[in-house]
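Have a look below at one chain only, the form predicted on its own, in structure tokens format.
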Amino acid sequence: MLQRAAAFAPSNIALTKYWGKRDHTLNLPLAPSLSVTLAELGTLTVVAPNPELAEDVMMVDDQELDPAGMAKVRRVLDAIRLRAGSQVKAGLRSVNTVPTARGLASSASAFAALAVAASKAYGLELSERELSVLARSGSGSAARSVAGGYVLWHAGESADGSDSYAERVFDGEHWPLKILVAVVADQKKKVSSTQGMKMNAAGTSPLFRAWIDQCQRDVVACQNALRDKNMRALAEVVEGNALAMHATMMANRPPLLYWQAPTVALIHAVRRLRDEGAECCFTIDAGSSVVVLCEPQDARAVSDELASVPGIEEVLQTRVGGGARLVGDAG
């Protein structure tokens, strides 16, 4: 049965990164990754199947989605329609509560919300694993936004990607950290993550193979640090993994440099705060903004310090959240 459906999916921040694919069409990673799900930052998507539509149409933040983005959306919708035995097109509307193109995984929440809402709209009842695989077909990191808390994305080995999915390893209450997002002002990235991965995977970075090997080790170390709720151990692996990813990019020819001056200043600020006793650590996705995890009692002081760095547009504060979910129709 066709019906209008709406879903909210959170963004997620990789603690050990996804940077390198074994299959670019299916978005299959070369290494597993661990992430933390954000609570309020994400995407709300409404899907309305409409027999009168000749093509799928989608508005994102009141603007029509560009053809490249629409092609990815149709990939997910077509997979759902195939399973549902339907050819009916849909009208879609999406609203983001996370800044786009800033290295904050806005595409992750977008495609996770799409997978959940569209599956319901076309009458499918899918498991969390099936939804994760479906979301991954639109954007790799979207696999992790289906689940909540601390999430492990399995790289998998199957050529069809059926064993490459994400699942929760710890819920948010296991370690209820605060998450601060220091948004660098007016610095939308010029090279998308998809383009950047293709550049790196072309073999022009001498560090790339070593980077993938390091990710395999870092996933284990990160999971242990999360299990033990050990911030110093978490900082060592999470910061090291982020810096190694960006080093791999910088060593590419031509180099890929997402950082801006405030990015470097934020790195130094977090390390100084930790030396002074604050329980915190940073990570940086493929962008210029910096995400900081910290214990709740340190959140105010850390946030104030991040906000004082020149070139910071705002500091968003959130917490570890739940996964993607159906919501009441947004109208």
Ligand code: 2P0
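If you're wondering where the values come from, they're calculated on a predicted model, not measured in any experiment. Residue numbers here begin at 1 and follow the sequence given.
Omitted here: the form predicted together with this ligand. The next part is about that form.
- Heavy atoms within 4.5 Å of this ligand in the model of the complex are found in one stretch of 79-87, 138-146, 219-227, 174-182, which is 138-146.
- For the options N252, Q260, S193, S94, the residue carrying a heavy atom within 4.5 angstroms of this ligand in the model of the complex is S193.
- By the criterion of a heavy atom within 4.5 Å, S164 is excluded from the residues contacting this ligand in the model of the complex.
- In the model of the complex, this ligand lies farther than 4.5 Å from every heavy atom of L256.
- At the 4.5 Å threshold, heavy atoms of A14 reach this ligand in the model of the complex.
- Residue contact with this ligand in the model of the complex: M245 places a heavy atom within 4.5 Å of it.
- Contacts between stretch 264-289 and this ligand, counted in the model of the complex as any heavy atom lying within 4.5 Å, involve D285, A286, listed in sequence order.
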